[in-house]
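Next up: a single chain in structure tokens, the form predicted on its own.
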């Protein structure tokens, strides 16, 4: 499907019009430093019949949750009633989407090859504008991502999105990169998550290793979860911090480190997404990684 160029400032977004393998490290660096990489068309195999099938899925009653997630490592679909019609078809579409996108990312971002941890994929059928959600769950407020149940221990959160809506843009606001805004705001005010006791940390570590559903969070993960909520709660940050509007047209694709770029989804319906966790030893510009930025401003170890 043809698409118009994304509308947004060149300081925030890089459009890929041609690609050679020699550019892979440069694209990794630009992503890690807070750029959004944009493709006017989906750069991997995505059959039109799969897109049409997804658009045909209507969210009614309890059939769907707000998002439908696919967990590639276990080939599990979540967020759709177990007896729902078309469940197997939907799982097959998301399985193919995840596999094809992963093949592309492994080639496009070659320095990460063999090191990426494949996380969840999701289908987002709801209109984002006007959703009635609690403050910490609102998508229309600038925030950085952190996963309560899937701590990364300093790994970065890389997400790839596709707007499959045939008629409407998906509209984002994005702010300054993490390594620019966090030292500034933490230089003027204290942002400190509650301390956990040594016993609580030790228990979580042991429980996680024996398979209990207790997240083993590092100091870094606690900071990122706290910062996620703090940014949404802070009206000064929401109103006064620099931000840019990005419009992602129908049929387009983009990737961004959502732990390092404050972002808010203002409108749009029907999107696909795949998440990867990029470990610290795979990064080409580790100085821009949130874990190292936080260690620099707090003078504390974060991921040990």
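Residue numbers count along the first chain shown, from 1. Because the structure is a prediction, the values reported are computed rather than measured.
Quick note: we don't show the form predicted together with a small molecule, though the next part is all about it.
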item	value
Partner-contacting position among 218, 106, 139, 165 - heavy atom within 4.5 Å of the small molecule in the predicted bound form	139
In the predicted bound form, the one of 54, 277, 265, 37 near the small molecule [non-hydrogen atom within 4.5 angstroms]	265
The small molecule contact in the predicted bound form: residue 117, any heavy atom under 4.5 Å	no
Contact label in the predicted bound form: residue 156 to the small molecule, heavy atom within 4.5 Å	no
Non-hydrogen atom contact residue 223 with the small molecule in the predicted bound form at 4.5 angstroms	no
Partner contact for residue 161 in the predicted bound form: the small molecule, 4.5 angstroms, heavy atom	yes
Segment that reaches the small molecule in the predicted bound form - one of 182 to 190, 165 to 173, 70 to 78, 93 to 101, heavy atoms within 4.5 Å	165 to 173
